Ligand SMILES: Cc1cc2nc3c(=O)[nH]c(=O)nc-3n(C[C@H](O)[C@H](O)[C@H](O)COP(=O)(O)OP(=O)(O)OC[C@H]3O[C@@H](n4cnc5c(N)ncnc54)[C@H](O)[C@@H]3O)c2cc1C
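Read the single chain below, which is given as structure tokens and is the form predicted alone.
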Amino acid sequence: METFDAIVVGGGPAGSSFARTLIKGGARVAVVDRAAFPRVKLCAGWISAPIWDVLGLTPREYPAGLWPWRTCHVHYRGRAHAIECNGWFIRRYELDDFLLRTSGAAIHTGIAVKQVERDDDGFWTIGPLRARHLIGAAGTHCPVARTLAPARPRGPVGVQELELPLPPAAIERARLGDDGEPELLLHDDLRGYAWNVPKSDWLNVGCGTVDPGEVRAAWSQARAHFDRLGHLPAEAAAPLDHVKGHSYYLFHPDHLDRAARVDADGKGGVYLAGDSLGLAHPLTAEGILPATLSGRLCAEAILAGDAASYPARLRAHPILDDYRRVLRARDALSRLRRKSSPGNGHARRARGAGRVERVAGSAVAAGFAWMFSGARLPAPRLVDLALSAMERSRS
């Protein structure tokens, strides 16, 4: 048996960020993953500005493909909007490999962890590896998540997508804006969106919905939309008949209650980070930023000798605090739409709400693009007051 300070199950952004931070603090970390890296990972691959601070890197220090964008193209309620904001796209195939290789961890690939065990000395064991700390960072179906069983007040979102290589000339002919600029189709009911992202000689196209049962129909409509505009190269037609599906959980405050279980002596425990816990942005569904952030915060709690503070560190962080506000706002808007629906006997109110929505369409598109870029919410205390007022008026 080889003893480490921590074993991480899952070598993606959450696991590698945890390992990177803990190793910088002088610890020994082993990362276990069933796949050999680099490996294919279904993901649109967008990252927002805060991630560079989380990783302690600058864009210039990232050696793989990086597509910066300064305009987000949003289709919403039949209108097209070009919104100035900024972000980057990467290929997960490259990003995950880079983060894992540079983490400093002892990497053990080709190991499919089906269950986790603990020996009589309080060490978690996986094959010949043992450690007092065990981190689950292997995504939605992470075996470590079964140990902590976080509450799931809401079901997972559904996704259909594909990233495929294409001739650069074909992508250039079909793209709406510049290389790397995202084209988004925001659903009228705000329960999902589709994307079309050109990455030089790669194209990522997909669709996500709050209800996984709606994703197939939504993908068909999204593909027809992009085709009608001429924004899908003819060479992509056959591959896009075979998009891949997956699911994961969006952020909910209740998830944080089971982020960790720490031993009474504080010298060991089990933790969840990233998609294993369910931390993706509640509206845009971005998962890379909260994955890296949670991995870092977990490692920092352990290095501080206060592993039990990890859930509190998650709750207190400004990025996840904003996620809580966005979730409240999305729920409030959903209730408003239901209340004003003609089927509920409020036809006059519905007509008024419809006029408001038409006027507010540009604001919704701009707000979505703004959140897509990872920008912080302005005046968070005022946002909390406004949300509280909306909730009181509903009651």
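One rule holds for the numbers: they count along the sequence shown, beginning at 1. Computed from a predicted structure; not experimentally measured.
Beyond the structure shown, there is the form predicted in complex with the named molecule, which is absent from this document and is the topic of what follows.
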item	value
Candidate stretches 281-289, 230-238, 212-220, 171-179, one within 4.5 Å of the named molecule in the model of the complex by heavy atom	281-289
Option touching the named molecule, based on a heavy atom within 4.5 Å in the model of the complex, out of 104, 122, 165, 143	143
Heavy atom within 4.5 Å of the named molecule in the model of the complex - residue from 308, 303, 111, 82	111
Residue contact check: residue 368 to the named molecule in the model of the complex, 4.5 Å heavy atom	no
Contact label in the model of the complex: residue 138 to the named molecule, heavy atom within 4.5 Å	yes
4.5 Å heavy atom contact, residue 226 to the named molecule in the model of the complex	no
Residue 195: touches the named molecule in the model of the complex, heavy atom cutoff 4.5 angstroms	yes
Heavy atom contacts to the named molecule in the model of the complex at 4.5 Å, residues of 26-48 in sequence order	32, 33, 34, 35, 37, 39, 41, 42, 43, 44, 45, 46
